[in-house]
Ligand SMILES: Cc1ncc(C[n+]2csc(CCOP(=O)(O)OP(=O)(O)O)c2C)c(N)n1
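Single chain ahead, written as structure tokens, the form predicted alone.
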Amino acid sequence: MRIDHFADILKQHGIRHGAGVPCSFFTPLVNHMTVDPELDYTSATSEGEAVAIAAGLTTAGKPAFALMQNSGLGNAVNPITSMLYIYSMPVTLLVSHRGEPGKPDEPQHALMGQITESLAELCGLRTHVLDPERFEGELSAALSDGVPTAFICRKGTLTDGPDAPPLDLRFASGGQSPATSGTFVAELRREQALDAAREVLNRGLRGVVEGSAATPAVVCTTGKLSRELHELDDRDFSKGNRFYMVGSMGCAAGFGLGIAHADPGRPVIVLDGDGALLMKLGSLATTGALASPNYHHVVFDNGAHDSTGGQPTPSPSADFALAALACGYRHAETVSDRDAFVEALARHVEMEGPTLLRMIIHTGARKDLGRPKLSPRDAYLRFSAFLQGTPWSSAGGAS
């Protein structure tokens, strides 16, 4: 299938964005997207991050695909099953079929080559082998039905296309230092810090799906952070600018990045945790490279996996602010008291991003902490409606 014909089908069905970790089977597509001004490709650091970015783009009204080698399908199982599947996000996956039975390939692809199609199906994806004669109809049906779909691409299915443009790169070392330095000791618990942040998080919000241009899209990482923020002031489901991530640990940053890329006029605030960020630390590099000026990353750092009992993380020896600057963030700092946090958060949202704010907090949470009562599907529909300025149509109400 000629790549220009394949790309035309994507464009005709509204898919003009993609993120991925490439495979040689997809060289024609990735190269084509680098020279076609109507298409936009983001190079991700992991397949799970690519899924998260594509999901963020799609949620904000910019249908997108995630591209990966089938060996990377294993890396993406968690975000596929705990994000795309439970929220029913209509993201398209393009997965190469290295190690296809009967086709000689490298030994590391032998087992994955045997299970690629069945693994995609087990992950809840509507799965097709990419066939030039059927692709357009199958893609149209998947988008119409609003379901996550995988197309398995065998060697030689996509052909022709340009060579990759030559790279003229300059690699820099040194540069900025974090705006704050020293030793930081926690004064607040996470819920207290979230409570202090609400004025910024809800800025301009006038209804479930209504707000001003300054109303931020707020993405909360999985675990107690999402539970606490929901408990503070969203029990009535009135805060449509918030997305409470269930599962897909480490993917909040990529998901928020996709939203920021899709809607550059709206501030995006990602509320992350130290354990989650460490799981996909490469997302700092992707964020720095994409350089979305409306992206603001807040990391609540207690040096522990608090949702699973307080087991330690390596974060006390990891300077997230310094790492963010090294990866291309424009501003980063660490704080540990309430006043400094409130002032810095308000300032960051007004700055050109990407920015990172690390808030040092205590471990621990209320014993009576509840959980969001909104079903995952309704949580997705509510948030997507807010981003796109459309009415929220509940899929089934609170659970």
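Numbering starts at 1 and runs along the sequence shown. In this text the structure is predicted, and so the values were computed from the model without any measurement.
What follows is about the form predicted together with this ligand, which we do not show.
Heavy atoms within 4.5 Å of this ligand in the predicted complex belong, among the stretches 117-125, 282-290, 231-239, 266-274, to residues of 266-274. In the predicted complex, Q108 stays away from this ligand, with no heavy atom inside 4.5 Å. Proximity of D306 to this ligand in the predicted complex falls within the 4.5 Å heavy atom cutoff. Although the partner is absent from this view, L139 stays clear of this ligand in the predicted complex, with no non-hydrogen atom inside 4.5 angstroms. When contacts are judged by a 4.5 Å heavy atom cut-off, T92 does not count as touching this ligand in the predicted complex.
Not one of T45, S88 and G258 is positioned with any heavy atom within 4.5 Å of this ligand in the predicted complex. In summary, among the residues T157, N294, T222, T149, the only one with a non-hydrogen atom within 4.5 Å of this ligand in the predicted complex is T222. With the partner removed from view, the residue among Q176, N202, N78, T180 that has a non-hydrogen atom within 4.5 Å of this ligand in the predicted complex turns out to be N78.
For the stretch 245-259, the set of residues having any non-hydrogen atom within 4.5 angstroms of this ligand in the predicted complex comprises only M249.
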